[in-house]
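Only one chain is included here, represented as structure tokens and corresponding to the form predicted on its own.
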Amino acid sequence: MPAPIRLRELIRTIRTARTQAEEREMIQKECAAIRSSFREEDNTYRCRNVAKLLYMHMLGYPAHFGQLECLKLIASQKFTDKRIGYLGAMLLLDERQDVHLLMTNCIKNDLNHSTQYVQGLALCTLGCMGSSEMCRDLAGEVEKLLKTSNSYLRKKAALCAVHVIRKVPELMEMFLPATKNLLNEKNHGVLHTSVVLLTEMCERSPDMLAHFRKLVPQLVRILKNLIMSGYSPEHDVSGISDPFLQVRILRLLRILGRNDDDSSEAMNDILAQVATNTETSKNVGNAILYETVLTIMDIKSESGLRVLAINILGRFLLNNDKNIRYVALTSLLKTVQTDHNAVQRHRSTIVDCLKDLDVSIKRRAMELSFALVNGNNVRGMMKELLYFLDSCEPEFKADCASGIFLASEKYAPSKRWHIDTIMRVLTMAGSYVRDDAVPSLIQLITNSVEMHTYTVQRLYKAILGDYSQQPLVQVASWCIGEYGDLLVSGQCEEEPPIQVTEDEVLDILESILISNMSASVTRGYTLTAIMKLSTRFTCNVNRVRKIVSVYSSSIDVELQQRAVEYNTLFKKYDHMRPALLERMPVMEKVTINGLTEIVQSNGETESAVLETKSPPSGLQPLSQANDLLDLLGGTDITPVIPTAPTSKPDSTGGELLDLLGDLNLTCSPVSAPVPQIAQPPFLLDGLPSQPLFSDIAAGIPSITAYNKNGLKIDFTFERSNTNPSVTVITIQASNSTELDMTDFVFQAAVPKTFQLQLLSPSSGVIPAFNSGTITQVIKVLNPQKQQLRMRIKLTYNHKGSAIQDLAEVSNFPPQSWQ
């Protein structure tokens, strides 16, 4: 049989292929030749054939038939054969294939080999793909090599020990004696790997963390020697001595100093030296400074040191490198809650980042800008953010508008400023605002009695000839219907009044009704506004009656129902019309469990004063069940109302609707309530003051809704004693990993035949090692007694990275929904 071609010739031949098909044909031809050679047990060219096979594997072609040949090469006595064999094992084998266990004896023999390079090959392979069984069998040999005097083997053994600990954490104590002595080594390679090993042990075991805290002075000494040492060509990178080792030591110090006063005190001085003496002209120095900042912020450092760290991040914002600016903004966003005043000093630089061309920098700058807003700077910051909202890409408008709404509500210096700001948002980005923007602004306007004339005049001028921003048109329609008499009176004191006749107002509203840009919800607002004007205006009642009667045969069922009801009001109950359509009372703002209660029913905001007082005598209260069912009126999907920490902007409605995924959302529309009857805004409001939940809940079994990556979420159930359609689900989130999960947010969505409310969670941090839980309550209304299904979205930070996951829960026990 002729000798097979060499690897270089194969690479050259494959590179000459002009098409994918031609390359595939060459690979298949060579694979056939390699298979024939393997079948003939050709020991002479086995190493060459496996090397070619590995190249084909790297190109993406199947090479599994070479696994056993790799084992034969590992068993060979030649170093060249062993080298290719171990490389092949690392690329072609993993712990999911049983054949890898056949290597255990060969690796054990090579770990005791007389040649250090053979021992190094065995350590690399075990550290790369060793399974838990292999690690248990070979941990003793690795521990012996940790104690050897050969620095080449010690550094490889330390990295192999890291892999062993990850696979079999209970073997950690075996490496404890040898690990203590590694920090005394002068060789930087051994020092580096020993710090990696110490970091892994401290992250995985609280006992080890407490044990190694006494090494802080020694680590400080090593770091100080690196800073103060002169030029060393062996370890110098851009004028800095061994930056890789410095970064590793800083990370280990961060772990050791967290929540420990003594350790933090011991490292304060060295951190200050690193922060002030590190050269910032090169990227290497910036990397060390970034790790220093993270360490300062994570330990119990002095206030002056924290200010120094934030100033370093402020300098990063002026750097030309986009990556450095991005990490600076991300770090400032994490620290703004604890060191707000120090971050405020860099406010102008942060606002300038809103003009950056990079979208990721823009987003981080926008989030940080909202976090910096307070009562002192709200006017200036809102001016900058409104300018950004006007000029930013569409992908930013929803989040920016949501943030402006929240900041304005929290820090508004006056009601007029608040109303003007929200109106500007609706004018510039009305199509991107949250679902609750319209009812929130209507509630604000209703409560601002002295601003009614000013507001209705501004809104009237804002919509003249432009109906593109539907939320703005909805608010304007509601206000014109409510305060139309003030609009035509021309008695505005805040700005020059405009002269408008009753016919002109009705012309505008009628043009909204027939506009192609008007959505069904907008037409509902407008028709109701016209109906209200029948009591506000004196000369146009017949015109209003005519407009309303036209829509009694509308193809829009919602609009048709309103028109029929209003026609009935004209014909049979005309004497009650002025009382039923009288002006809305001032609504008191009530917050329950962190949520501001605002009702929006069938596209029109109603006055729902959340008080325990009895309803007015002129209105007959509906039955309890009907109150709850009316909440589901209309055919729109009812989104979840999430409760998020105050430091974060609320999620947009689009994200919540995305949670619904492929759930079946078809259902029959529920009859819409008469618009003038106030509805309870959430599931349990308006119920009698008696025990809400019965003891039958004890018979409903709990379920595990989610269990992945150490995060476990359990659901327990209760049923309402007064309304069986209401189920209360209590979620309990626990964390079995070794690190806390922070910024935890739970969101849920259900098909539109259900009504769902999320209350505030007990915390945003899930403690590690199952040492505590987060609880959160979900209220579900299921009037049709359908099987409950839920799509959940989980967001949290763990081990320095943001994690997001979706899951569907469909295994609810029948007792929870029947």
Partner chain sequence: MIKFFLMVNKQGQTRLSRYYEHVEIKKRTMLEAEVIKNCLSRSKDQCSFIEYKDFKLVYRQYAALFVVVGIDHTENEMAVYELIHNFVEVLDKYFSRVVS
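Positions refer to the first chain, counted from 1. This structure is a prediction, so every number in the text was calculated from the model and none was measured.
Although not depicted, the form predicted in complex with its partner chain is the subject of the following passage.
Residues within 4.5 angstroms of its partner chain in the predicted bound form, judged by any non-hydrogen atom, belong to 353-361 and to none of the other stretches in 104-112, 409-417, 353-361, 464-472. Just one of Leu91, Val521, Val378, Leu305 comes within 4.5 Å of its partner chain in the predicted bound form, counting any heavy atom, and that one is Leu91. For the options Phe537, Phe388, Tyr290, Phe396, the one in contact with its partner chain in the predicted bound form, meaning a heavy atom within 4.5 Å, is Tyr290. Here the marked residues Arg258, Lys752 and Gly800 all miss its partner chain in the predicted bound form; none has a heavy atom within 4.5 angstroms. Mapping the unseen interface onto this chain, Phe65 falls outside it, with no heavy atom inside 4.5 Å of its partner chain in the predicted bound form. Contact check for Tyr117: no non-hydrogen atom falls within 4.5 Å of its partner chain in the predicted bound form. Using a 4.5 Å cutoff between non-hydrogen atoms, Val284 counts as a contact of its partner chain in the predicted bound form. Its partner chain in the predicted bound form is not approached by Lys186, whose heavy atoms all lie more than 4.5 angstroms from it. Taking its partner chain as it sits in the predicted bound form, the stretch 41-72 comes within 4.5 angstroms of it through a non-hydrogen atom at His57, Met58, Leu59, Gly60, Tyr61, Pro62.
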